[in-house]
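What follows is a single chain, given as C-alpha cells, in the form predicted alone.
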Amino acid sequence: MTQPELKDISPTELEVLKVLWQQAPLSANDIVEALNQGGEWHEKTVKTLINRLVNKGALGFKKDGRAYLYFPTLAEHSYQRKESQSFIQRVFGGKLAPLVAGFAGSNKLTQEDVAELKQLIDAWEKEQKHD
C-alpha cells in the first residue's frame, strides 16, 4: 500500500482511523456505531471527520449500492512511525535517549518494556553489522 503524504491528523480524526484500522471497509453508520461504544458521537460530526480524512488522503472509499464503504489508505504502523519521529524531533531534538531516560527515571518502564528495548537494540546492532 503506497502511503500518502498526509497533513496533520487531529485527535478526533485519529479515533475514526483507529476504528477502520481494526475493521474495514465500513459504512459511515458502522463507524458511528463503533465510536459510540466508547462514548457519544454525533452522526454529523463523524461524517465531517470522514470527509476531512478523505480530503487528506488518509481514507479511501468505494460505492456499495447506495452506501459508501470507507477504508484507510494509511497503514497504522506508518502513522505511528511518522508521529513518533515528529514528537521526538519536536520535544527531544531528535534524540531518543532523553525520552527513554525520562520514563526510566520515573519508574514508568516495566521489565517487559526493558526486555523489548534490549531486543530492538540487539536487532538494530546486528542489522548495522550487515550493512
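Take the two forms, superpose them, and find the largest set of C-alpha atoms that agree within 1.5 Å; that set is the rigid core. Please read all numbers here as calculations on a predicted model, not as lab measurements. Start at 1 and count along the sequence shown; that's the residue number.
Absent from the display: the form predicted in complex with another copy of the chain. The rest refers to it.
Participant: Heavy atoms, 4.5 Å, another copy of the chain in the predicted complex: which of 58-66, 83-91, 44-52, 25-33 makes the cut? Say which one.
Facilitator: Of the stretches listed, the one contacting the partner is 83-91.
Participant: In the predicted complex, does residue 71 have a heavy atom within 4.5 Å of another copy of the chain?
Facilitator: Result no; residue 71 lies far from another copy of the chain in the predicted complex.
Participant: Residue 101 near another copy of the chain in the predicted complex, any heavy atom under 4.5 Å?
Facilitator: Close contact exists here: in the predicted complex, residue 101 approaches another copy of the chain to within 4.5 Å, heavy atoms only.
Participant: Flag residue 109 as yes or no: does it have a non-hydrogen atom within 4.5 angstroms of any non-hydrogen atom of another copy of the chain in the predicted complex?
Facilitator: Yes - in the predicted complex, heavy atoms of residue 109 and another copy of the chain come within 4.5 Å of each other.
Participant: Could you confirm whether residue 96 comes within 4.5 Å of another copy of the chain in the predicted complex, counting heavy atoms only?
Facilitator: Yes.
Participant: Would you give me the residues of 17-33 that have any heavy atom within 4.5 Å of another copy of the chain in the predicted complex, in order from first to last?
Facilitator: Just 18.
Participant: After core superposition, I'd like to know whether residue 118 moves between this form and the one not shown (criterion: C-alpha shift of 2 angstroms or more).
Facilitator: Yes, its C-alpha moves 2 Å or more.
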